[in-house]
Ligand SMILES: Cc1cc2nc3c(=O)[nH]c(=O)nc-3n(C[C@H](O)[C@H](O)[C@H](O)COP(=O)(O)OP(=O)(O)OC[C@H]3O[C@@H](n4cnc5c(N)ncnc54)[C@H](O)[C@@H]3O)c2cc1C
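Take a look at this single chain in structure tokens; it is the form predicted alone.
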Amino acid sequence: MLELITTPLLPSDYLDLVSPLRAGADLRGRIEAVHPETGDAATVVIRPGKGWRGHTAGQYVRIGVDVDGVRLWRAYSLTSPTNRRDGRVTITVKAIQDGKVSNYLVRRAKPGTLVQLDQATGDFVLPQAKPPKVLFLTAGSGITPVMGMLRDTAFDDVVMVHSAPRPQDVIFRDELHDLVAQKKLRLTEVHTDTDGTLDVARLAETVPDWAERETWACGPAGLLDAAEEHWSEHGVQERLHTERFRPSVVVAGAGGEVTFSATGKTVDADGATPLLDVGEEAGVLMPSGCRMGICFGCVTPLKAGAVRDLRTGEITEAEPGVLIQTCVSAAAGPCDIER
């Protein structure tokens, strides 16, 4: 009877207005503060709902944000310690050029804003047994999952080599230097505007015992590709753990005309741009998550044509029931995506 009285809204809809973070509701969070870190990065403090199950240092969370009336999902590393007393969690976001969600969170988000949340996930974490010697190799916003580890764990012997354009671009720089002053961290900063790109092949000049250290590396694809090659050449690849923002593009196809049948939009796409980006640029509402081919939050039916997996070069052709990951798939000729 109560549902009849409240039609077309359900009782749960009214509860969402009154208590959106309650147990049993869709998992949400409330932004409580936004703290600038650099000129283009900020830490967002979020109070998660009662369904939040916590996280392990180094993991990321998918966040759904309403930007100009459209809900967009992105994945960000959690930078808060796992035992924060007030129960809040933090993500630290770097605004990227034309990034709708990152620019919104860094420059426009206000305390009180509700966001959608998934549970934390990801394998870029420390083992249960703390390694005796650790190396963190990071660049840019790749420092964010590592900062979660540094805040969560007291290491016996930890070295960080971090790369950023200028000193003022180093996220968490004051906190890192505090750890150095307390002798809890040995830090080498590489400022690419003056020092040039970090040369992984010369890492031994800075960290002579790098091959003996369990290493976690996070940053742009070029850095991670070089690290994987270097560790493999020295036969210690099992000691390297990496986290990528975007998958490596192995093969690019010829591209083609992409039709988004549900919205009636048709655009031309090259063979190197993920269909997720193509759709968003065309104004199509595209589900997304990690944007790395890991979480499957972007899975979409392929109605016609063919796509190419940017990681492997494998071609997938349309047939009944075929689903593709739009974040790691590009047009391989004309294709029709059910969006």
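Whichever C-alpha set is largest while still superposing within 1.5 Å between the two forms counts as the rigid core. Since the structure is predicted, the reported quantities are computational estimates derived from the model, not experimental observations. From 1 onward, residues are counted along the sequence shown.
Just so you know, the form predicted in complex with this ligand exists too; it's not on screen, but the next bit is about it.
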At 4.5 Å by heavy atoms, is each residue in H35, A164 and D174 next to this ligand in the predicted bound form? no
Original post:
Should K100 be counted as a contact of this ligand in the predicted bound form, where contact means heavy atoms within 4.5 Å?
Top reply: yes
- Message: Taking this ligand as it sits in the predicted bound form, is F245 in contact with it (heavy atom to heavy atom, 4.5 Å or less)?
- Response: yes
ask   = Should Y76 be classed as touching this ligand in the predicted bound form when contacts are defined as heavy atoms within 4.5 Å?
value = yes
Can you tell me whether V278 touches this ligand? I mean in the predicted bound form, with a 4.5 angstroms heavy atom cut-off. no
Of T138, S80, T92, T215, the only residue with a heavy atom within 4.5 Å of this ligand in the predicted bound form is T92
Checking A254, I96, V267, A204 against this ligand in the predicted bound form, the residue with a non-hydrogen atom inside 4.5 angstroms turns out to be I96
Only one of 174 to 182, 255 to 263, 237 to 245, 196 to 204 sits within 4.5 Å of this ligand in the predicted bound form by heavy atom distance, namely 237 to 245
Within 49 to 68, the residues having any heavy atom within 4.5 Å of this ligand in the predicted bound form are Y60
For C295, does the CA position differ by 2 Å or more between this form and the one not shown when the superposition is done on the rigid core? yes
